[in-house]
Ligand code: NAP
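Have a look below at one chain only, the form predicted alone, in structure tokens format.
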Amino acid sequence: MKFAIQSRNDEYSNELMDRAKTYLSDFGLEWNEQSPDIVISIGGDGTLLHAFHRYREQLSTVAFVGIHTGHLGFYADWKPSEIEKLVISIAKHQFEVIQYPLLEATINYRNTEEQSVYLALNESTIKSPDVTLVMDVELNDSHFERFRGDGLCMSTPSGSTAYNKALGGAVIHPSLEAMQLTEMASINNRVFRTVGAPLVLPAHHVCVLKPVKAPDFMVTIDHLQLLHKDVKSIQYRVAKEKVRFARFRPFPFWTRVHDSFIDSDV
């Protein structure tokens, strides 16, 4: 088995990375950053997001597992004190692979057939750099609403506990094939109206955002911030690709939600 390690690059995480690399090599596993079978993230959920985008072209063959060197994360659920236990489990192939849905964002431009296509593990957001965002929202080729406000966020089920939750979105179990559109400070008065609630869309639905005024937008894909100019439309759908996680022990999603937001001894 081939492995790679993504570190948060602080002193403690790098120390754990060196230990894990030595242990796994001693068990006969091959260090291979180009085409690993398993990627160990050491840091936090942000570190795993970096690992995901680093290996996004190899999602069908790569499985991820996270060690947290800060607080318990939704993706990084192993403690540093458990590193030897984790290494032995990896070496003995004592794990199963689970898959979670991803978000596909396709950006189309004016006066060209070129597109930009991205995959998001958590979410994608749209904001106008200078003025109020004004977007026509289409669902399955039918006009749904004209949004006016600070921005829009489309999240995956596994990302529903991140920025989406802060915006008032629902927490969705990651086994569900869906995506969720949430508003950022929408303008609602006697003249302008939006639905004013998050929309949970199934996998066979497509959401298209079309600019009404300014064609330039700040688009985020997880931790990546990108300025796109002359945008014609932004299409969101549940991606065909999935992210694969190596699961070594039960770690129920609702237990993670409880420990992260309600009460935790971690």
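The numbering used is simple: start at 1 and walk along the sequence shown. The structure presented is a predicted model; accordingly, all values stated were derived computationally and were not measured.
Keep in mind the form predicted in complex with this ligand is missing from the figure; the text below concerns it.
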Can residue 231 be called a contact residue for this ligand in the predicted bound form at 4.5 Å between heavy atoms?
no
Should residue 46 be counted as a contact of this ligand in the predicted bound form, where contact means heavy atoms within 4.5 Å?
yes
Examine residue 75 and determine whether its closest non-hydrogen atom to this ligand in the predicted bound form is within 4.5 angstroms.
yes
Can you work out whether residue 222 and this ligand are in contact in the predicted bound form, taking contact to mean some heavy atom pair no more than 4.5 Å apart?
yes
Can you tell me which of 142 to 150, 170 to 178, 121 to 129, 84 to 92 lies within 4.5 Å of this ligand in the predicted bound form, counting heavy atoms only?
121 to 129
Could you tell me which one of 97, 166, 191, 117 places a heavy atom within 4.5 Å of this ligand in the predicted bound form?
166
With the partner left out here, which residues of 157 to 188 have a non-hydrogen atom within 4.5 Å of this ligand in the predicted bound form?
158, 159, 161, 162, 163, 166
